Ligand code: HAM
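A lone chain, given as structure tokens: the form predicted on its own.
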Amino acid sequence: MLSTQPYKGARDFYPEDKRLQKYIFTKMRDVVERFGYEEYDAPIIEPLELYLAKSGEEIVNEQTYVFEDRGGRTVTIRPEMTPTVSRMVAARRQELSYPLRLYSIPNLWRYERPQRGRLREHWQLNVDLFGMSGLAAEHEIIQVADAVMHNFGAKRTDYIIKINSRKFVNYMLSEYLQLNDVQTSTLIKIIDRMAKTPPAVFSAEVDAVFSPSARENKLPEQLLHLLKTNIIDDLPLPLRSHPSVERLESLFTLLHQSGMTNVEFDTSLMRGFDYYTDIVFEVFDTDPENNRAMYGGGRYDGLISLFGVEPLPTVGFGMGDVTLQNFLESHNLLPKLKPETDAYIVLIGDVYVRAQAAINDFRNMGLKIAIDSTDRNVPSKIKAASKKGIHYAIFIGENELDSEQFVLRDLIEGTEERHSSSRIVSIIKDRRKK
């Protein structure tokens, strides 16, 4: 017997689920288009080498859905969108107008263990700004991320935006702590998993990266102390004087001037992708029951140069629908969504053919109409409409067609009135606005 369950880590979307998804996507689009971003899309299948270049070993080796197509090409279902949009921009590098503002809400797949906030299939808002090297780009992209949260009704006390710099991280590890490239790369991956690793295990992993002499000089302890720092002025002077820190301080000033009081410096913030080159950020839920990173992004200036074109400064972020929905649910920010159908036409008697003109009038005047032309009795038809959550029923029989006065029943209030078709349309449209 075939199972009725969806593939593990994926979801079926019944009308009520699709209604919620449509609401979330509409809210996202509303914000990014206010900031001047334009929507794009691309194929869900890409060549594997697109991700081998920069996405990171964990994603490529453990999380991609890889297969060979009938032409013998190794391809993968896209696990993220940044390499794809970089490919698209590189393809028209000379034709496009900059600054270039692009967004998409693609379907993505990663083969990982399904858990709260993380499924194998998800949708993700991707917002990217190409062609701006100054801090105004980071300032804008974080403003967009913040505005999306506000558009869902979130308060700044509901979430915090943590910010760091990969240039600062590289300097801290390679220059200040005197680690080589391999040690630095290893530590970045270890630190990126810090929130998911038990403290004792994390300390042991960090310790193992350092040489015996470095351990004697207590460099692992210094790093552990630095990773707890969330105030720039608390950094040691050699770190505080690095140019990347000055850039961070300038960004915080811009964000504070924009009214964003929920931003915080975090030396432990890495962002796992290999393509990030400077400022990175993540948005965290402050609810103790869901205290986790929801989404993030940063600057990745070198990615399109992998396609053989001149580099282009780029900043972007990705916001997954699963973690966002968890956030909205935990903060009671999801509205009760109504069905799209405005009214349910209940035909009384053998009037299907004769009623078509009246039904078309209702639709032409802007109502979304469903017709019950079954042989069921009227109470059964009304029960079906109520079960669907439809607010109104319109009864059409011989008497209604003769008089051109139709019975409108409010299925929520239980009231019933008789009106012309134009009056019924007016009543339903007024209710729709509430």
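All values derive from a computational prediction rather than experimental measurement. Each residue number is its position in the shown sequence, starting from 1.
Quick note: we don't show the form predicted in complex with the named molecule, though the next part is all about it.
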Please identify, from 259-267, 345-353, 318-326, 142-150, the stretch that has a heavy atom within 4.5 Å of the named molecule in the model of the complex. 318-326
Which residue, Y275, F168, Y103, F210, has a heavy atom that falls within 4.5 Å of the named molecule in the model of the complex? Y275
Find the only residue in A358, L119, A154, L306 having a heavy atom within 4.5 Å of the named molecule in the model of the complex. L119
With a cut-off of 4.5 Å between heavy atoms, is R271 one of the residues that contacts the named molecule in the model of the complex? yes
Is L135 close enough to touch the named molecule in the model of the complex, meaning at least one heavy atom pair within 4.5 Å? no
Is there a heavy atom of R110 lying 4.5 Å or less from a heavy atom of the named molecule in the model of the complex? yes
Give a yes/no on whether E80 approaches the named molecule to within 4.5 Å in the model of the complex, heavy atoms considered. yes
